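Encoded as structure tokens, the following chain is the form predicted on its own, with no partner shown.
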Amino acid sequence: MSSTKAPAAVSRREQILKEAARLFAERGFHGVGVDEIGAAVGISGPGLYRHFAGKDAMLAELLVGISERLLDGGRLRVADGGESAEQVLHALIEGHIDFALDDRPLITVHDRELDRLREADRKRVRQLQRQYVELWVEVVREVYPACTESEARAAVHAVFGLLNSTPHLSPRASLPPRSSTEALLKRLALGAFAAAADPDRAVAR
């Protein structure tokens, strides 16, 4: 008997957030009205206020929420572990690649709109992001003990920049197959960490 479970139903709140992220990424936070977000999910603009106090609340939940999910997912991958630190690093990379490919609008919204958050929400996002980075730094240093802490941290930020560049890739329809894109991004990330650990590594000219 198959143990495959049916996908969980997406709540109305999740639908609203998904469409808000898409619209904010396409047209900017101030270029989108509550009525337009409502229309995208089939409810009236005023109906949105049963779920969110307004656009500011949606933006905060989007950016705080994804930061929490990345950190929680990273902690789970570390806790699940594996036979080696290398396996944990591979799992972290694969998890972040899933985010970078599945949530491209959120990356764009974060880059453009983070400063629009209330100070408390912005600080929360930054705190979560720092914890996520340090989670990676610890694993990278286990895999590459020659890396200093500052080198490992710089390498982690560089890899995040590489993986989070997905919004700048070609439209989804013209990308290579998902599996090929995942494999390419993983090779690039692993190559960046290996290069950071070996300063004498030859660089193609």
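Basically, rigid core = biggest C-alpha set you can superpose within 1.5 Å across the two forms. All residue numbers refer to positions in the sequence shown, first residue = 1. Treat the numbers as computed from the prediction; the structure is a model and nothing was measured.
Heads up, the form predicted in complex with the DNA isn't pictured, but that's what we're talking about next.
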{"query": "Contact segment among 141-149, 41-49, 159-167, 63-71, judged by heavy atoms lying within 4.5 Å of the DNA in the predicted bound form", "finding": "41-49"}
{"query": "Partner proximity in the predicted bound form: R12 to the DNA, non-hydrogen atom cutoff 4.5 Å", "finding": "yes"}
{"query": "is_contact(P177, the DNA) in the predicted bound form, heavy atom dist at most 4.5 Å", "finding": "no"}
{"query": "Contact flag, V137 vs the DNA in the predicted bound form, heavy atom cut 4.5 Å", "finding": "no"}
{"query": "Exercise: V34 in contact with the DNA in the predicted bound form, heavy atom 4.5 Å", "finding": "yes"}
{"query": "Core superposition between this form and the one not shown, C-alpha change of G161 at least 2 Å", "finding": "no"}
